[in-house]
Each structure stands twice: as C-alpha cells, then as structure tokens.
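Okay, so here's just one chain, in structure tokens, the form predicted alone.
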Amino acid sequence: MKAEKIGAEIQRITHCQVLWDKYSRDFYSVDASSYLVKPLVVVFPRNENEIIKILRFASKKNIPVTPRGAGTGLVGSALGSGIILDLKNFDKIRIHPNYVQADSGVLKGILDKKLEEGDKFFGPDPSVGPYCTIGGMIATNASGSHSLKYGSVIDNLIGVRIITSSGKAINLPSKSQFGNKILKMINRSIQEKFPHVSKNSCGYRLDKITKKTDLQKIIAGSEGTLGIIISAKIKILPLPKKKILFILSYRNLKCAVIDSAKIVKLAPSALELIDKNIIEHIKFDFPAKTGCLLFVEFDSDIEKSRANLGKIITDAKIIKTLTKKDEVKKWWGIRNSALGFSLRSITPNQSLPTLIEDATVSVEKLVLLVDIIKKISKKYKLYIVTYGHAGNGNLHIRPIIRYKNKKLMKKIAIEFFSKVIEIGGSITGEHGDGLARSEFVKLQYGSDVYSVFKKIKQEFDPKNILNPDKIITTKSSMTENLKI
C-alpha cells in the first residue's frame, strides 16, 4: 500500500494525527544513530484503543510497525520502513512511595524533576537522560554512569504493560497461560550460555527470568520487537544525602583499567573512564602526560571510601576531590559530554560509526579488552576513541573511519565481536542490537539460545510486524542504510 492510503485508513479508524508528508517522513527517517530508513507514515496515538486498531490494521496488511520514543538510541532501533508509532502522548506519571508508574512517552528529565521534589530518584541515568523516554529506556535496557550501584533498567523494572501485534493488551509479570508458555521456553542450560557480565543488552534477557514474577524482564532490551510498551512500574530510591567525586589522572588506559578492578571492590556508586582523545577538548590544566581519567564517586561511607581509595590506586594522581553539588554536577556534565567531545576529534571526511561501541566484559577482563582495542588500532592504523563505564567493564569504543569504507567497518566488527565473545563478554552492554548488531546476536549466543529467541518472537509477534529484523534477522544490516 502507498503511504497516502495507509495514512488515510489509519485516520479513518482512529482519528489520531497521522503524517506522511515529505518533511515528516524525512524527520523520522533518522535518529541519534548512523542510519537512515524512511518510513511510510508517522502516527501519534492518544490511547491504547488507537494502538490496538493500528496494530490490527498493520497485521492484516502486513505493514511493519516501529515504536519510537525520543530517538536518542545509537543503533537504529527506532527506525523502520513502515508505520512509526510516536508515543509522546503517553505521558502520565503516578508516583508512589517506592515505585513510579510511568507511561512510555514520559521524558526522563521530567520524571527526574518530579521525583527530586520528593527526594527520590530512578537509578539508570544514560548520558542523554533528560531527553530519552521511559519506553525507549526499557526497549534498550538503558543503563548509565550509576548503574554500577543502581543497576540497568532490567534491574529496576517491576512491571510493564504492552500491546502485542495481534492487538492484545498484556500485563507482565502475569500468571496467565501466556506467561506460563514463555516461562516453559526458558531453562537453566539456556541461561548458562549468557555472558557473565554486569550489563547486557544483546538479545532477549532470558538469564534474568527464573520465576513468574520476573516475566516483565523479557521486555527490557526487546527493542519494540515483542510489543508496544504502554506503561511501566519502576523502582525508585531515596536520593543520597552526600556524594564525593574523585577525578584521577593516569598515563594510559591500561593503568586505569588495572586500577578499576581494584576500585570496584570499594563499592563506588560510579566508576567512569575517558581517554586522551576526549581529554584534549576539556578546558582544564591537566598534569603532563595525562592519557586517561577515571571518575570515581561514592555516595555512602564517604570518609572510609576516601581513605581506602588512597591506599588502592597506583600510578595515578587525584587531581580533583569534589563534594559540592554544583561542582559534582559540572564534572559529570563533562563526562556525559564524552561523545560530543569525541566528534571534535574527526575531520569532515571521517566518521565515528556506532558499530563496535558498546562491548562489556567482567571488570577483571577490562585489561584484555583494552589489549584487543590496541591490536585493532595498530592492525588497521586507526585512532580509536574510548570512554565509558569502567566499573561495569562496559567501554564505548569509536574507531575513526573514513566515510564509505563499509568493508573495513564490517571486517573490524567481525574481528572485534569474535574476540569479545571469546573472553566471555557481550557485544552490547546498554545500547542494544538494532540495525548495527542484530546480525551478530546468533554469534553471541549460538544456535540453541537463538532458536529460543525465535520461538519467543513467534509467540509475541507471529506475523513479524513489530520492528522486524531487529534482534531476530537473516539480513546483514550493519553497513546498510548508513547516513554516508
């Protein structure tokens, strides 16, 4: 069907806003990733009933449907060639003592402000936190700098309401027959094949589901492939009364990650890393030969932690000790701007593709991951920008590559992912699979786990209309539809 016919039919059955003009389609053809996929129509449903009607229509006509939050994802998860469902109208927030019920279109920045009024907060804090939506965070199993202590979305998700492709509303966890069927597909031998890492957004997180009350966790990281997220019940916590942030200067990445494995044993609330490519764009008089910074924060047992940190670190200088709220916020702003600073390191004919940028290993194996990065840099004669969540063993790795060199991108990705899997890691810790990595999900888990993923997808979405070719795919999409 043509865009005009699809748009007119959706308007007829729902009366909600539907756009299919060139400007709107172009606007929704991109997100924060390196990809471009033009949709047929963009729809702004106002309630569950409208979503149900749209999904039944799409299922009947075999039209792909891709849900979208704020479009801040880095792997193209929110891009699709059919119907885009913009969920911005789903924006209700209901705060309770220990949890909040938030609709999928709620911006985290707005939620944070409302929670702060009651001295509460939601743990996961991506660097684009103020601008991403709760639905998008669930869809990618988002994390952030403080996930070391407070976990990823999957660790804070109490319940979720979704609508499947057949137009059925489901609450998870559930004691329903549907829930029992999903639970029966998951067994210990399958779960043992998942990487032993603190953060993982690759595939469906079956390893986190051990009982019926865990069933909601299958939606965390599912990227809109199992159902349209309507709302979620998420855990909230009291705001820490005090914080102390240390900025540590190191000669190189290797020294910093060796110390990271020691520092993490002190139970910091955050342990972050940025390399020299980013440091050179920060306006501060760093010590000579600073090749890497660690951001180490504690929000409990502060004096004890301060003393213990001094005993543990080697080959490092503490260049900042911050306790004032404004100063702590300022330096976290610097860390959260790492990607922006990275972009200043490239020329107009270069790019920082989001291809191998989200690997996670156990923190003890970070030194092996740094060695892999170094070898790839040397082999392919590339500068590689590195930053991220050292405490979780999750580094964002951005090779600087000349535009249009797709063969090189693919070659590096295959080599890098294979080595990460070899040392027990995950190819994506928090950003998800999307267009960038879905073709490598089977490589990560093997045929047995992947076959269960396919059965779960079939159960939720038998016609494969929900964000097709994300997570489960036979296509190679990594270097297709790039904005170059």
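Quantities reported herein were computed from a predicted structural model and do not represent experimental measurements. Start at 1 with the first residue shown and count on from there.
Keep in mind the form predicted in complex with a small molecule is missing from the figure; the text below concerns it.
Since only the chain is shown here, I'm wondering whether Thr140 would be in contact with the small molecule in the predicted bound form (any heavy atom pair within 4.5 Å).
Heavy-atom contact with the small molecule at 4.5 Å: present for Thr140.
Closest heavy atom of Arg437 to the small molecule in the predicted bound form, within 4.5 Å or not?
It does not: once the small molecule is placed as it appears in the predicted bound form, Arg437 has no heavy atom within 4.5 Å of it.
Contact between Cys132 and the small molecule in the predicted bound form at 4.5 Å, heavy atoms?
Yes.
Even though the small molecule is not shown here, does Ser165 get within 4.5 Å of it in the predicted bound form, heavy atoms only?
No, no contact at 4.5 Å.
So which of 37 to 45, 59 to 67, 453 to 461, 414 to 422 is the stretch with heavy atoms within 4.5 Å of the small molecule in the predicted bound form?
This holds for exactly one stretch, 59 to 67.
Whether Ala32, Thr72 and Gly144 jointly form a contact site for the small molecule in the predicted bound form is the question; each needs a heavy atom within 4.5 Å.
Yes.
Name the single residue among Ile397, Leu294, Leu87, Ile154 that comes within 4.5 Å of the small molecule in the predicted bound form, judging by heavy atoms.
After the contact test, the surviving option is Leu87.
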